[in-house]
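Next comes just one chain, in C-alpha cells: the form predicted on its own.
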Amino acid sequence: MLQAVTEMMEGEGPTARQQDVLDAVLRLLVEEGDRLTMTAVARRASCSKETLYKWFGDRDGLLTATVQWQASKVRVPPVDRKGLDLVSLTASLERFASDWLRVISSDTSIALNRVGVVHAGSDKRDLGAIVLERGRFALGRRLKPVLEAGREAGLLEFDDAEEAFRTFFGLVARDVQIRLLLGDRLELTAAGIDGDAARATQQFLALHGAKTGPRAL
C-alpha cells in the first residue's frame, strides 16, 4: 500500500479533499505529536476511517503521504537544459532555497520533524525513516538534475552531484533547522528568508561555479 500511496503523491497528486485530510494531519501533529490516531484524523477532517484506510492504507501510509505533501511545497522550477544560463540557474536555486526555508520554519514541519526524531531514537522507527526518505532524500533527487544540468551547460563544476547537493543544502540550512527543533524562536521574515536564499546561492556558486565560463551549445 505504501507504494500505491507514493505513486499517488508523485503522479497526479492528492485530490483537494485528500489535501484537506493531509493538512488536518499536519495540524494534529502540531497539537498532539506522536499521539496522532486515525480516529483523531477522521474526526478533524470530517471523514470516515474507512475512507482514510481506502486512500492511505494505514497510519504509516497516511504519514508517508503527509511528509510527501509537506515536501512538495518546496518547488524545483524546471530548467531548459538547452538554453540554461546563469540567470535561470540562479533563479531555480534561489526558489528551491527560499521554499525550503519557509517549509522547515513552519510549525507543521517542526512538529513533523520532532516526532520523526523521537521515532528514530526508539523502537518505532517508522516516521523517522519516512521523513528521511520522503523529505531530505526526495529533495535531493529533485534538485540534483538541476545541478547536473548546470554542469552540462558549463555553469557548475563538481565531481559528485550528491556532494554538491549536500554543500548547497548546508549553506541554505546553516543552523536554522536544529535551532528551531530545539525551541529557538527565530524571527524568519519573508524578506529575510529570500535574502538568506540568495546569499546561500551566491556562496554555492562561489564554490562550484565554473571558472572558465559557460560551455558553447
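Only the largest set of C-alpha atoms that superpose within 1.5 Å between the two forms is called the rigid core. Keep in mind it's a predicted model, so treat the numbers as computed, not measured. Sequential numbering from 1, following the sequence displayed.
Missing here is the form predicted in complex with the DNA; even so, the following discussion is about that form.
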Q: Work out which of the listed stretches, 38-46, 181-189, 167-175, 145-153, brings a heavy atom within 4.5 angstroms of the DNA in the predicted complex.
A: 38-46
Q. Applying a 4.5 Å heavy atom distance criterion, does residue 17 contact the DNA in the predicted complex?
A. yes
Q) Quick one: does residue 31 come within 4.5 Å of the DNA in the predicted complex, counting heavy atoms only? A) no
(Q) So in the predicted complex, is the DNA close enough to residue 162 to count as touching (4.5 Å, heavy atoms)? (A) no
Q: Look up in the predicted complex whether residue 55 has a non-hydrogen atom within 4.5 angstroms of the DNA, and give yes or no.
A: yes
Q. Hey, which residues along 166-196 are within 4.5 angstroms of the DNA in the predicted complex, non-hydrogen atoms only?
A. none
**Q.** Shift of residue 21 between the shown form and the other one at or above 2 Å (CA, core fit)
**A.** yes
Q. After the core is matched up, is the C-alpha of residue 62 off by 2 Å or more between the shown form and the other one?
A. yes
Q) Once the two forms are fit on the core, has residue 32 moved its CA by at least 2 Å between the shown form and the other one? A) yes
Q: Compare the CA separation of residue 35 and residue 184 in the predicted complex with the one in the displayed structure, and answer closer or farther (the difference is at least 3 Å).
A: closer
Q) Do residue 35 and residue 182 move together or apart in the predicted complex, judged by C-alpha distance changing 3 Å or more? A) closer
